[in-house]
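Take a look at this one chain, the form predicted alone, written out in structure tokens.
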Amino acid sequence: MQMEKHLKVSAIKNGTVLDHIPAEQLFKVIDILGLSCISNQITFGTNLDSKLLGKKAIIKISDRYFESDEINRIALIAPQAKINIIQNFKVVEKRVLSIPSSIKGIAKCMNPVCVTNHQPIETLFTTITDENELKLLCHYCEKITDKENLKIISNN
């Protein structure tokens, strides 16, 4: 018995494909990368079947390549995401996400009295991986923001 394979999201000639994004994180990834503000063709699919995640999302961005620091920002919410660089319809490079040692201006500090929540100061955190759980240590108030309290700052 032969299984038929169908592309659920069409191929792109050149650009970047972000795959294995947890379905519920799709719009956060779009926000973190500022995709709603670019004019490139963007195709995304969500709630696609995934052996790894159950349900996954995928984003294809034509004629756009990201710097490692841009891509690593999404490791905060989708550490298992895979990045494929496409040229002439072929995958020419696969990138693995790595959590950056520090992040700037991506997440809010959960401490309501932190200066970053009251002044126009960009947030700055040191990332801590503790028993496979990501935590953010605020540079200003030294409070730790955990995954449950992680709020992404919108780029819009």
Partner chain sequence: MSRNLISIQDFSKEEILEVLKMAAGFEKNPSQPIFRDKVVASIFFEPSTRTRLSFETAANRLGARVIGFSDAGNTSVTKGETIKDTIKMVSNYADLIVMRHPLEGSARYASEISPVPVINAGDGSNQHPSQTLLDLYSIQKTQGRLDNLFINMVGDLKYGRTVHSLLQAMSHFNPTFLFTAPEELKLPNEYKEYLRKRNIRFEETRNLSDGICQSDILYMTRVQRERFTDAIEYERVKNVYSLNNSMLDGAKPNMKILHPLPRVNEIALDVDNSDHAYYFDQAKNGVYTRMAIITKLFS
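Positions refer to the first chain, counted from 1. Because the structure is a prediction, the values reported are computed rather than measured.
The following text describes the form predicted together with its partner chain, which does not appear among the structures shown.
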Task: Interface stretch in the model of the complex with its partner chain - options 53 to 61, 108 to 116, 83 to 91, 35 to 43, non-hydrogen atom within 4.5 Å - done: 108 to 116
Task: Heavy atom within 4.5 Å of its partner chain in the model of the complex - the one residue of 121, 99, 48, 96 that qualifies - done: 121
- [ ] Would you please decide whether residue 20 lies within 4.5 angstroms of its partner chain in the model of the complex, comparing each non-hydrogen atom pair?
- [x] no
Open item on the list: At 4.5 Å between heavy atoms, is residue 142 in contact with its partner chain in the model of the complex?
Closed with: yes
